[in-house]
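First comes one chain, alone, set out as structure tokens in the form predicted on its own.
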Amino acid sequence: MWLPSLASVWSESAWLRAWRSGIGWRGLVIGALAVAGLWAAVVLDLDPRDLVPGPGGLAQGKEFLSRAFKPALTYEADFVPEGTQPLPFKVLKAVRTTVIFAAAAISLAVLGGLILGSLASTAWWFEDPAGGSTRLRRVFLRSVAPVVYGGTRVLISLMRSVHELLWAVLFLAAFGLSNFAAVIAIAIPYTGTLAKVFAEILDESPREAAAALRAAGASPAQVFLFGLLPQALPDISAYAFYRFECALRSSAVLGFFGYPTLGYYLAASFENLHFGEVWTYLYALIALVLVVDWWSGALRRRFVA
């Protein structure tokens, strides 16, 4: 009994000393993360020397980086079939396809996110006074609503726990190279992420207008649609635009699976060591993201203001 007691006293005093010295919970969490990171590095046998390239890799890396200042405006292949469209038009077509995939996916994701996010929010059922005015409504609020809320929370967690690339692999194996499968592969995890964030935005929105409508005798649907949703729409719109930027990058990456987005042509050029073309596609992707970031930022400022 003496040894455990001494260990307990030492442990408690060590924690108290750490707390009083100003470390606090944040410092303890950061320290725990640092220890976990060091432990993971030891377990994985990480060695910085593995990042030192060999002579061939170093030469190829220098060639690749040097072409960043000379992106290709024409094809670098020795033979180009007659009738092939010029490289700039091919790049613009790939950009257009990338935007179409992303727009289709985010449209489905926003619609699904609004529906699931509303069901995953407590705003539509938890604060109803006296548990409802009728027996049927009281049964619904006490029995059905918590089940719907919990089930929806589980569903959106499952949807966002699988990355869009894994969804793409599954759909590619099941349905082949289908455009609709690619859109759904992006839309499913994005729907889960949007639903989670939308639910949190609804739960944290001001409730004064909703309380006034509820006190005036408005129905739960009226309270939600006219008292809660308008308060949350600016933040919902802002986050939806941010996810559209992410969807553009996901759409480009799906090109590595064979879909005709920027990633497809980028991967093909890299495999053929046409580094100038690689940088052309990379710059097109960077320009696309910058333009959408500027556009969505302007819209977010207008909605949130």
Partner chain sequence: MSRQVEIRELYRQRPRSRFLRWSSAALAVLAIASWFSGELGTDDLFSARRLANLERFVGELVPYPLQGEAFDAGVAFRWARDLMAEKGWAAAGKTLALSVAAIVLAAFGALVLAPAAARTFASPEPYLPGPRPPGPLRRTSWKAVVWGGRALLILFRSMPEYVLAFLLLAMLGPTAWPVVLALAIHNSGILGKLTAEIVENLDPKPMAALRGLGARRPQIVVFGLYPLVFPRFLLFFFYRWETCVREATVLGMLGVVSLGYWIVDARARNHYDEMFALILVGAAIVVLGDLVSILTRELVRRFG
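By rigid core we mean the largest C-alpha set that fits within 1.5 Å across both forms. Residue numbers count along the first chain shown, from 1. Keep in mind it's a predicted model, so treat the numbers as computed, not measured.
The discussion below concerns the form predicted together with its partner chain, not included here.
Practice prompt. Check whether T97 has any heavy atom within 4.5 Å of a heavy atom of its partner chain in the predicted complex, and answer yes or no.
Written response: Yes, contact at 4.5 Å.
Worksheet item: Is I115 one of the residues lying within 4.5 Å of its partner chain in the predicted complex, judged by heavy atom distances?
Response: Output for I115 is no: heavy atoms all beyond 4.5 Å of its partner chain.
Worksheet item: Is F101 close to its partner chain in the predicted complex, meaning a heavy atom pair under 4.5 Å apart or at it?
Response: Although its partner chain is absent here, F101 would touch it in the predicted complex, with heavy atoms inside 4.5 Å.
Discussion item. Can you work out whether L285 and its partner chain are in contact in the predicted complex, taking contact to mean some heavy atom pair no more than 4.5 Å apart?
Written reply: Yes - in the predicted complex, heavy atoms of L285 and its partner chain come within 4.5 Å of each other.
Practice prompt. Report the stretch among 143-151, 164-172, 71-79, 84-92 that approaches its partner chain in the predicted complex to within 4.5 Å, counting heavy atoms only.
Written response: Answer to the contact question: 164-172.
Discussion item. Given a 4.5 Å distance limit between heavy atoms, list every residue of 254-289 close to its partner chain in the predicted complex, or none if there are none.
Written reply: In sequence order, F256, F257, L266, A267, F270, E271, V278, L282, L285, I286, V289 come within 4.5 Å of the partner.
Fill in: Displaced residue check between the shown form and the other one: A32, CA, 2 Å or over, core reference
For A32, whose C-alpha is compared between the shown form and the other one after core superposition, the shift is 2 Å or more.
Item to complete: Spell out whether the Cα of A68 moves at least 2 Å between the shown form and the other one when the two forms are superposed on their rigid core.
Response: No, the C-alpha moves less than 2 Å.
Discussion item. Would V42 count as moving between the shown form and the other one, using a Cα shift of 2 angstroms or more after superposing the core as the test?
Written reply: Yes, V42 moves 2 Å or more.
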